[in-house]
Ligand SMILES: Nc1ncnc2c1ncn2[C@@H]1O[C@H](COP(=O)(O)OP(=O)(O)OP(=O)(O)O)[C@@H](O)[C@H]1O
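Next comes just one chain, in structure tokens: the form predicted on its own.
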Amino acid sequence: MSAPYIVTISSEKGGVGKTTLATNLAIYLKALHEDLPVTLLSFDNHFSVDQMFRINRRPTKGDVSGLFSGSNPDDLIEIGEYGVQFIPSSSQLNRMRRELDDPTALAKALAKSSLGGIVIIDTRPDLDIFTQSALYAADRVIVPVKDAPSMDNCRHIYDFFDSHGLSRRPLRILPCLVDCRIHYDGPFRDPYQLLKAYAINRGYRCMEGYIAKSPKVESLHTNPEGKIYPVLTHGRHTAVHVQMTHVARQVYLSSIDSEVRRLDEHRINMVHAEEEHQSAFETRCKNLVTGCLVCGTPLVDKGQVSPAGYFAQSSDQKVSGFIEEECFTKLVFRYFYGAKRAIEVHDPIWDLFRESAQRSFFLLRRAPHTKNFYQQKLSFYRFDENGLEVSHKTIELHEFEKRLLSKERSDLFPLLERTLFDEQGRLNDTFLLIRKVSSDLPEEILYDQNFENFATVMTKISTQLP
């Protein structure tokens, strides 16, 4: 099924008739083609859409904020007056916009829906993240202007398209609230001609025609019932009725002529991005050491990881793999925490370490300023989740250590041989960063976002090391 044709009504200047245009355009489109699905939503917080289209007072299933919090758009839609579908407005957007910074989020949400026909988006009178999202998803952007200042503000919308590598082709200027009683001497006979000349002079394309200022239309927003009435039903004898019909016809014809919709392009991009993510994940899995980096027990088989406690990667990215939880915990307590007795899994201190490890990064490296082959020293660091140092300890490395009855090889050496030793058996200039992982799904750390976070912390830590 083809994606819907997205029409965004946008202007940074308030009072230019954005909402009146958006709501009436939806109704006129339904009047032009009764079977055409038309969906309307607004990121402005004055609830005009709800006042105009809501049929009953039943609790809503959701609102436009759900488009940015993972809800399926299909689940948010209500059937409204005049056959127009709408998504209820929200009072939570001011709070949410401080948490959002991705202008592609709306396109991603709409691309996953089953919406068809035409979707009209009414925006706030500023270029916030919700307006940016509506612009990014649009096949047609109609920019209402009523004077020179509102025309000047158009530059920011055009700049947004340029900065995101988007074609300016969807952008159209529409003179609105034009006072037809005013006439000028000279080449421009009235405000419409003057505004159109301003637009052409700036290289802007215009819709055909304009929307006139009309006391009758303005009065449709003011009545004792608090209801907003459409021009089609209560203003048929005004010039605005003819002008709205003309604008709706232009939008409808452009939707028919549009061979590739913006959301179709976005769906293709999403498929390509998912393929790239999968390829990157498979490459990371392919490069893993298959056994536990400490004891060598097989952990990785065809991209599937057996239960493991920790993920580790060298700073030169040549070595990456998993470590069994028991192996790593015993190493830490024996060599770096100075435990005088063996710490077992059932010991309360084990649980305490496991809990704190979930909020930590661990690092092994050659101690600073030590390159003597015969006196190798190993530093063990602990960092918090933001990559800030919490603790640091340095020990001397001895390949063989005295135990109860004889000398045995240090349990540290197999880990170092697999990760930080060079061919001569000396600690090299890299470090090993270690992170607690989910025992149920240890490979989750190799997913794009998690791995990117790991790499970001690694970079931040590397700048702090002496």
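Keep in mind that what you see is a predicted model, and the values were worked out from it rather than measured. A residue's number is simply how far along the shown sequence it sits, counting from 1.
This protein has a second form, the form predicted together with the named molecule, left out of what is shown; the following refers to that one.
Q: Would you please decide whether R58 lies within 4.5 angstroms of the named molecule in the predicted complex, comparing each non-hydrogen atom pair?
A: It does not: once the named molecule is placed as it appears in the predicted complex, R58 has no heavy atom within 4.5 Å of it.
Q: Report yes if any heavy atom of D152 sits within 4.5 Å of a heavy atom of the named molecule in the predicted complex; otherwise report no.
A: No - in the predicted complex, heavy atoms of D152 and the named molecule never come within 4.5 Å of each other.
Q: Given that the partner is absent here, does L177 sit within 4.5 Å of the named molecule in the predicted complex, heavy atoms only?
A: Yes, L177 is a contact residue.
Q: Mark P307 yes when one of its heavy atoms lies within 4.5 Å of a heavy atom of the named molecule in the predicted complex, and no otherwise.
A: Judged by the heavy-atom cut-off of 4.5 Å, P307 is well away from the named molecule in the predicted complex.
Q: Looking at R382, H221, H246, R168, which is the one with a non-hydrogen atom within 4.5 Å of the named molecule in the predicted complex?
A: Selected residue: H221.
Q: So the named molecule isn't shown here. In the predicted complex, which residue out of S255, Q85, S89, S214 has a non-hydrogen atom within 4.5 Å of it?
A: By the 4.5 Å heavy-atom cutoff, the listed residue in contact is S214.
Q: Name the stretch: of 39 to 47, 435 to 443, 418 to 426, 65 to 73, exactly one has residues whose heavy atoms fall within 4.5 Å of the named molecule in the predicted complex.
A: Checking each option against the 4.5 Å cut-off leaves 39 to 47.
Q: For 17 to 46: residues with a non-hydrogen atom within 4.5 angstroms of the named molecule in the predicted complex?
A: In sequence order, G17, K18, T19, T20, D44, H46 come within 4.5 Å of the partner.
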